[in-house]
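Quick heads-up: it's one chain on its own, the form predicted on its own, in structure tokens.
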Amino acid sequence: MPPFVFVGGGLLLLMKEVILLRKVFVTALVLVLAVASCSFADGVKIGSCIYRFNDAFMLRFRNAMTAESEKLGAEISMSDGQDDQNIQNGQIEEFLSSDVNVLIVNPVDRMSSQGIIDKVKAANIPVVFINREPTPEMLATYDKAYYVGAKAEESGTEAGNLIADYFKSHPEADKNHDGKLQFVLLRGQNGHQDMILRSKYSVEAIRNAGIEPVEVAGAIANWDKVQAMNIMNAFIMSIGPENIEAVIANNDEMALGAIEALKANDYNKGDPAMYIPVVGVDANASALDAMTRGEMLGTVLNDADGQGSAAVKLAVMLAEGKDVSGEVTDGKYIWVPYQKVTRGESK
């Protein structure tokens, strides 16, 4: 049997090939865009603002955008916002004063999206937001503003289902035998829609599975592995690992940080009696490796390749003045689905 299973659609996939196969999951969503954008995009110049470059997920996103731009013949320039909205605002103004035809923006602060929209609207330049979703009210203020991403509530639901399924199939996971699930929740950036929705829906999924969730500790770790490791270590010291039955992290980097803290306390190192299930979101390479070693229970694929490709295709169509009304949902969105990823078991 393959070492990993993608749950949803009944596909068993070798995760060593996951980078190549991720694109399969979004073919139905982006096929029409691919056909509409198949002409050589000579002369199209894309300016892209990323909230910060040293983010594992956004690195994959950037690589996908670069590859798609090269494929279509468009020119793309990217700027590192360094996690500072003021820096990014200046970068946007620089792009708008240059000869770019369209912007792709991953805002540092999603609530600053209205100011960004106002700037691009004044310049009459289309804008495609990625990863951090402006509110519908913001997008509605400009007819050339769009969003490409994934519905965060789906990832939260799938992460919660991973934990619920494990808890039901492993009675020993209920350490105090109270029928409840005592968990730690590691949250992403404060105010980020993915943090809010992943946190809410992961807990809701556990409850919907008939298990009472009890959050024994939780904190903002800003999508960061080191922050999550330090926070988790503090929780272990204060609560005691025997009182933690699961860890839910809003992304893989934080999940991996939690695992490092658990390993430092002799958990998740191969002894079934010293194991706490940990789940994340993104299905990055390090998380898949941790799953192979048995340190991490599972993750949810956030398809950076599919989203990056779709964002560039949409941007090129907009730059070329093509009608995109048939390619988007509710006039403004392209959604790329999540996929739950678990380790396969021999039968």
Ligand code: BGC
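Don't overthink the numbering: it's just position in the shown sequence, from 1. The structure displayed is predicted, hence computed values, not measured ones.
Below, we turn to the form predicted together with the named molecule, even though it does not appear here.
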{"property": "Candidate stretches 65-73, 285-293, 317-325, 52-60, one within 4.5 Å of the named molecule in the predicted complex by heavy atom", "result": "52-60"}
{"property": "Heavy atom within 4.5 Å of the named molecule in the predicted complex - residue from Tyr201, Phe129, Trp223, Phe183", "result": "Trp223"}
{"property": "Distance check, Asn302 to the named molecule in the predicted complex, heavy atom within 4.5 Å", "result": "yes"}
{"property": "The named molecule contact at His192 in the predicted complex, heavy atom, 4.5 Å", "result": "yes"}
